[in-house]
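Listed next as structure tokens: two forms of one protein chain, kept apart as structure 1 and structure 2.
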Structure 1
Amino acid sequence: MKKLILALAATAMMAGAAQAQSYPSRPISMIVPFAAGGPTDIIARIVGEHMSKSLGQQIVVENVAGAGGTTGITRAAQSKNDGYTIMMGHMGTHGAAPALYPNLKYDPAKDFEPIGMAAGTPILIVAKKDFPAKDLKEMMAYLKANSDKVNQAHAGIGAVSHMTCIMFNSQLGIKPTAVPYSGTGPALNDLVSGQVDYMCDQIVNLVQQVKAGAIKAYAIATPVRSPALPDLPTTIEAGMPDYQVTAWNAIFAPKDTPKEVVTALTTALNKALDDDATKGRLLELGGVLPTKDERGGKWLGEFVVKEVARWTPVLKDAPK
């Protein structure tokens, strides 16, 4: 009996190893917890395309929007941990969510195998193109004077566009009407058509529309200007120096996904980040690439712990 059990265990281990070696043998689903066309989706599709090439299997982006990204991440966290479901999380789903969702069904620090950082995304303050302010100072004055009349778009409680505008609004002492969307892709469409007044959003979603003059950009919340929009002043230059925030998007797998699979995914992500064309597309949209030190699962796992600790007090006390 003992022999039989040992034999069975050995067979199971070999099957496991063979499975890991042949990974991936079918398409991989990458859950993006926001609507298609938004920043998280854009980044997922850019890195996913190159990862598909090096893994030899298609990474299929699946948009599962809702509740500021927590619906999709909950689903991904509860998926089979065999490497065929992974996800693009971000500063909201894996940083802000615990402070804003008391009944959150996942722990960003414990319920995932971090694969690696995909791209940092500086935050821009943008408004509809006929917003009556020529620069950030005028915008701030207008918002303060018309706080009860203006609408601010965001992608749900805990989304980056929500949490970073909580910071922006509270620095101005205003409480505009918030208009939630399933992602800042659709929110941007309404900003372009003038149905909402302003939002705080990740640069990769915005560069094309800013360049086309379809929306107005007032400032980038980083200490230095972005090469993707060199004419856009920083918040320091424009008069709101304390408003500094860069978001991030990173790939995770469900907890206890086999080590070999995690390694294969991290390697594929790193290859994508080293690929000139992939890099070029991210940089052109204002994405900030992780340095060599900021790559891989170990760094990301430690970073997520720090992000949750950083955001929890800020968001718990902020006026919502």
Structure 2
Amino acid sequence: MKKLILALAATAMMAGAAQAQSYPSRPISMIVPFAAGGPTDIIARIVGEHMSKSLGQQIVVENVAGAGGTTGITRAAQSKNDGYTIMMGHMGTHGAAPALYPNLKYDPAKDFEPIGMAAGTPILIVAKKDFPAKDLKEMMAYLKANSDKVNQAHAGIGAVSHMTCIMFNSQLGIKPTAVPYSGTGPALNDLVSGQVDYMCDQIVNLVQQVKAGAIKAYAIATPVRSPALPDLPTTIEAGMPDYQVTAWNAIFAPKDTPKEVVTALTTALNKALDDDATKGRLLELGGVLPTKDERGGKWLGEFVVKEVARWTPVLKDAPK
């Protein structure tokens, strides 16, 4: 009997190894928890295209939007952990969500196998084109003096524009009227038309309107300037050095996905980030790529823990 048990165990191990070696043998679904055309979706498609070539199987993007991205991530977390369903999480779904959604059905730090960071998208502070302040220092002074009169747009609870402007307003000590929209598109349309005063959002969404002069940009919340908008000062240069925030996008798999599968996915992601054409497309959008030290699942797992700790006190009691 003992020999039989050992033989069965050995057979199971060999079967598991064979399965891992043959991975992937069919297309992989990547759940993007936001609508098509947004920054997370764009990054997922750019990175996924090259990963498909490396893996020899198509990565099919599936958009599952709702509840600040938590609907799609919840579904992905509950998927079979065989490597054929992965997800593109971001700062909101894996950093801010615990503070914003008390009944969240997943734990960002415990319910996933981190694959790796894909790209970050810096945050810009922007306003309608006729906003009276000429630079960030003047903007800060104006907002403090007129906090009860100005309004600030965001793309809905849990959106990057929501979270990052809460941080911005908190650092200034102001409580403007928040105007929520169903997405970035309508919020930006009203900013362009002057119906709202200012907002904070990802460079990917704003660079064209800034270049066209349709809105006014005051600073980018990164230590160095962006090649996409080289004339725009950083918040450090402009007088608000503590406001440093970049929206990030990273790939995760459901918890207990086999290590061999996780390794295959991480390797494919790293190859994508090393590809000149892929890098060029991400940088053209204003994206920030992870350094060599910021790659892989170990770093990402530790980073998620830090992000939850960072955002929870900022968002827990903040006005919605």
Ligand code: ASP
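Throughout, rigid core stands for the largest set of C-alpha atoms superposing within 1.5 Å between the two forms. Treat the numbers as computed from the prediction; the structure is a model and nothing was measured. Counting starts at 1 with the first residue of structure 1 and goes up one by one along its sequence.
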| query | finding |
| --- | --- |
| Structure corresponding to the form predicted in complex with the named molecule | 1 |
| Rigid block check between the two structures (K175, Q195) | yes |
| Interdomain rotation between the two structures (smaller rigid part versus larger, whole °) | 21 |
| Core-fitted comparison between the two structures - CA shift at D130, Å | 8.1 |
